[in-house]
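Just the one chain here, laid out as structure tokens, in the form predicted on its own.
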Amino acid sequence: MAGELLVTQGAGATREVAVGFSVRFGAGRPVVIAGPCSVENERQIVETAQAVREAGAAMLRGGAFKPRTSPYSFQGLGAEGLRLLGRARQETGLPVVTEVLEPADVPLVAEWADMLQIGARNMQNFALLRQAGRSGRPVMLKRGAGATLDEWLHAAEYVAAEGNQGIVLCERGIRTFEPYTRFTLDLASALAAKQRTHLPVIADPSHGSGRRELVADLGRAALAAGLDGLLIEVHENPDASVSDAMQTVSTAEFAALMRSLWIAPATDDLPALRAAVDGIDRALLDLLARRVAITGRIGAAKRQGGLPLHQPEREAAILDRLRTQAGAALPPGGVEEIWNAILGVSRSCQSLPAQEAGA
């Protein structure tokens, strides 16, 4: 029964899962993992790692062992790929997650990786799940393309039953009747997993769509829904990627996505921090423009109803509410200083004809 599972005890209160010294899944700050589908060579993985770190990624992904539909497709560099991931970690400081395919390979992969990934094809490889649970490493468990929510949670239980509670669930899309996308990202089941377990849940919009033009919007939707992070395939030249080219975004596209997410970089890199602030400023400007347009219409409604444009009691109520909502997030007097300026602009806009106020 689902209620008897270790992973459902304390359901709804997310347990933090630590990876390395700096990454915490389920701690309130979304964790973004990025990197290529496959490790191809040293220059590719190191330069991609540097690019995603500068854009604000907290972890590096990259496949050393690649399970492929065709036995003739590129299968990964194996142990050499693990060594190159270690090199990229050394250069950037990013913790590494990579997939392990065989129970016998778990000790080798755990030697190089900070987190073990169990892929969708292996979600019910119970011997592999048990071995990963004994590895001493946190485990990312991807949902199988045809797996139900209960099957996914029971697979996680195989890891937890070995004494390993460092589990992160990854929704990566399920197979449906829709041929336009490779898979269908199932946010409903991902949210249900958060409600029914104490495990952090992240989304993989790359596999969840199979189309790079959908990755950014699906990623934003997943975080807006309350998931704990994203796993995104990134390549310096996506069209030249040896695997999953159609769903891989460029380093520039990834940087643009990260700016739109308003997530503070995990590092203290000054350019990355400034880029994050620039993204927030753009979002604030958009919100302020929308506020101005609405207040212009409010002014028109007041004139039509014969009401005074300036209503001090309404402004006082706004400030009281915002002070309560802000709590300690802003320094003393910060709410008044910021919103007195905003309210002043609003009064000016309400005094203008609607078309001049931006309505």
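Computed from a prediction, not measured in an experiment: that's the story for all the values here. In case it trips you up, residue 1 is the first one in the sequence shown, and so on.
Missing here is the form predicted together with a small molecule; even so, the following discussion is about that form.
- Just one of N164, T248, Q117, Q131 comes within 4.5 Å of the small molecule in the predicted complex, counting any heavy atom, and that one is Q117.
- Only one of R89, R259, R196, R172 comes within 4.5 Å of the small molecule in the predicted complex through a heavy atom, and that residue is R172.
- E233 belongs to the set of residues with a heavy atom inside 4.5 Å of the small molecule in the predicted complex.
- The small molecule is not shown here, but in the predicted complex it comes within 4.5 Å of a heavy atom of H207.
- Although the partner is absent from this view, P67 contacts the small molecule in the predicted complex, with a non-hydrogen atom inside 4.5 angstroms.
- Proximity of R83 to the small molecule in the predicted complex falls outside the 4.5 Å heavy atom cutoff.
- Only one segment in the set 325 to 333, 59 to 67, 44 to 52, 300 to 308 has any non-hydrogen atom within 4.5 angstroms of the small molecule in the predicted complex, and it is 59 to 67.
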